[in-house]
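Okay, so here's just one chain, in structure tokens, the form predicted alone.
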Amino acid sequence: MSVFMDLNLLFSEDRTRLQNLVETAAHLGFSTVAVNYVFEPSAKKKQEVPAPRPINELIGQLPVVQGRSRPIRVLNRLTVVMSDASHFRPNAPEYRRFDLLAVQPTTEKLFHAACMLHDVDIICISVTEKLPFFFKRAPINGAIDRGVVFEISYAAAIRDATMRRYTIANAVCLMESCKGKNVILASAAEKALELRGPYDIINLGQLFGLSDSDSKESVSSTCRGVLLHAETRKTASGVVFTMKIQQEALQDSADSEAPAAKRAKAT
């Protein structure tokens, strides 16, 4: 049984809405989610990078994951929307307060820089408009070699028919270039009704051009790779102690095997 993750639940100041998002994700079977703080700098005025709120302040009690024996894991994520090269500051100490770091480039030049240069975990592909550039193999292969993943979100496709067309078109265009490698599918949900279960997302991935195995990995093992990449990124030497993550992976495996063992014993 796979361990499923949704690494993009949009942050909301409304605690009830955020609580409902996390509870619904746990009920659908997601073991790990990330609360996403979207930061879109403006050239007109100086803006501060938002500070992540402690999880225990946002959510009173973490719900138990459906079919498992432990609470859902909630991470903090920052997404920087880049329309200018100065919007991403590689050494900004504010970035280190987040578990995951993502960028959403809006031009071909910025996309190339994100793939080849920027020390990030996730590159977001816009799904709300037609992209003003085509994906090229060289920068995409560069990102894959560096362990950076590309993210396609689906909630916008639920909200609006036009965005649905953009989502499918941009996703298919990406898959033609990356061949399904290093892709994660996430919700970018603002409310609980926009969340879908892992197997619904896997079916959606096939619509985007992913194979059955790549689609399943896009909500499971590839997401776990993102967490490991983030741990490595946050260490100056690149040497990271990953025992905690390994222990969690073993616990997830034990949780998934326990029901099967009980059934076998009963028979």
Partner chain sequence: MTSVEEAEPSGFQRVVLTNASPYQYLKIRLVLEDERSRLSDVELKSFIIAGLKSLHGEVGAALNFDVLKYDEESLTALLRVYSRGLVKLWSSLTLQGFYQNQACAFRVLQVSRFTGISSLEEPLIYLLFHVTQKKRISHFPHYCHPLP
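Residue numbers count along the first chain shown, from 1. For clarity, every value in this text was computed on a predicted model and none was experimentally measured.
Note that the form predicted together with the partner chain isn't included here; everything after this is about it.
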{"item": "Heavy atom distance at most 4.5 Å to the partner chain in the predicted bound form, all of Arg97, Thr232 and Lys234", "value": "no"}
{"item": "Segment that reaches the partner chain in the predicted bound form - one of 131 to 139, 104 to 112, 159 to 167, 175 to 183, heavy atoms within 4.5 Å", "value": "159 to 167"}
{"item": "Contact assignment for the partner chain in the predicted bound form, among Ile55, Leu207, Val64, Ala51, heavy atom within 4.5 Å", "value": "Leu207"}
{"item": "Among the candidates Leu75, Val81, Ala192, Ile125, the residue which, in the predicted bound form, approaches the partner chain to within 4.5 Å (heavy atoms)", "value": "Ala192"}
{"item": "Interface membership of Asp200, the partner chain in the predicted bound form, 4.5 Å heavy atom rule", "value": "yes"}
{"item": "Interface membership of Ser12, the partner chain in the predicted bound form, 4.5 Å heavy atom rule", "value": "no"}
{"item": "Partner proximity in the predicted bound form: Glu40 to the partner chain, non-hydrogen atom cutoff 4.5 Å", "value": "no"}
{"item": "4.5 Å heavy atom contact, His87 and the partner chain in the predicted bound form", "value": "no"}
{"item": "Within 10 to 24, the residues that have a heavy atom no more than 4.5 Å from the partner chain in the predicted bound form", "value": "Thr24"}
